[in-house]
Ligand code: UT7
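Let's start with one chain on its own, the form predicted alone, as structure tokens.
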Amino acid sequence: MFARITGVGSYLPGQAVSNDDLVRRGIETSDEWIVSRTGIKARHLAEPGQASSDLALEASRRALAMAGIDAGEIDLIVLATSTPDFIFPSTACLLQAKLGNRGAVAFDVQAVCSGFVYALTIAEKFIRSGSHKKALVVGAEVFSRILDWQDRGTCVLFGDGAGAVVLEASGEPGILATALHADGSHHGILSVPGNVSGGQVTGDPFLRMDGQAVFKFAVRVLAEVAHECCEAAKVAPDEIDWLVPHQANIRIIEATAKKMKLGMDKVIVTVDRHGNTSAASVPLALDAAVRDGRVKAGQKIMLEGVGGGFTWGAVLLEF
């Protein structure tokens, strides 16, 4: 029993907010500063009434439509998010209700920007075990809710969005190899060190990041985990048709491709359009490349992510 992706979908809320729009909102930055350091030109921000489950719903509907299946046929929902609607119930359960599905296993995964890769790997294990047949795997974030808009070093980097895939049991190989890792000793370089206690926020409720430390760590582990997947699947790196990395920063993406000896013509880049959408970024990029015709059936695709925790992982698949 194998697991194959049969449908993809994504959703970005509202209109694109350009770098110049941020300047007009009073943030002390410039388009040149942001683009030269990150490659980001715009991002999307959810409306006050939109939650992660709302974005996930739209992305999921599009993935289900491509797969040609009804939401009621799904027997597993794994949703990656660091910005859930509530403390509980899980955002996956809220999505399940909005889809009209009853009975599917539904739970959230919290691995920050690696979340979708973690969720996809978990769903693949369920399907490979034979216990489930059709999974909906989602990454959805409203990171704009945890940004300090006075901190120009972080608030310009992130955006909101959702991406989803349908993963189905198959007699033909789809996901060829997976690898997941974490090292909590690095938690201090990227975190939201706050909590809710006694009805009040304790600690710091905003995202804090040591950008240089994150850059160095991310480039190293993304290259390592990609090679790990290739070795497990007995696939040479130059056999990869497309690299779909976490869309955090164009410099990280370029450095990772260089370490893997892949030309940028083999890398899917969407960070310029939506910024860092954390767990949503990989499925957003994959959906864009599938729908514009770059990703085709039979091609080998490497998905990878790295995020706070620190967590990182990769999935090598045949589309």
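Note that residue numbering begins at 1 and tracks the sequence as displayed. All values reported here derive from a predicted model rather than from experimental measurement.
A second form of this protein, the form predicted together with the named molecule, is not displayed here; the remarks below concern that form.
- Query: Is it true that W33, F158 and M209 each have at least one non-hydrogen atom within 4.5 Å of the named molecule in the model of the complex?
  - Reply: The answer is yes; W33, F158 and M209 each reach the named molecule.
- Query: Heavy atoms within 4.5 Å of the named molecule in the model of the complex: which of the stretches 60-68, 282-290, 43-51, 251-259 has them?
  - Reply: Going by heavy atoms within 4.5 Å, the stretch is 251-259.
- Identify, from the list G153, G188, P173, G203, the residue with a heavy atom within 4.5 Å of the named molecule in the model of the complex. In short, G153.
- Which residue among W149, F107, F215, F86 has a heavy atom within 4.5 angstroms of the named molecule in the model of the complex? Checked against the cut-off, the match is F215.
- Message: At 4.5 Å between heavy atoms, is K266 in contact with the named molecule in the model of the complex?
- Response: Because no heavy atom of K266 falls inside 4.5 Å of the named molecule in the model of the complex, the answer is no.
- Task: With heavy atoms only and a cut-off of 4.5 Å, decide whether T270 touches the named molecule in the model of the complex.
- Result: Answer no; every heavy atom of T270 is more than 4.5 Å from the named molecule in the model of the complex.
- Can C113 be called a contact residue for the named molecule in the model of the complex at 4.5 Å between heavy atoms? Yes, C113 lies within 4.5 Å of the named molecule in the model of the complex.
- Message: Considering non-hydrogen atoms and a 4.5 Å limit, does the named molecule approach R294 in the model of the complex?
- Response: Although the named molecule is absent here, R294 would stay clear of it in the model of the complex, with no heavy atoms inside 4.5 Å.
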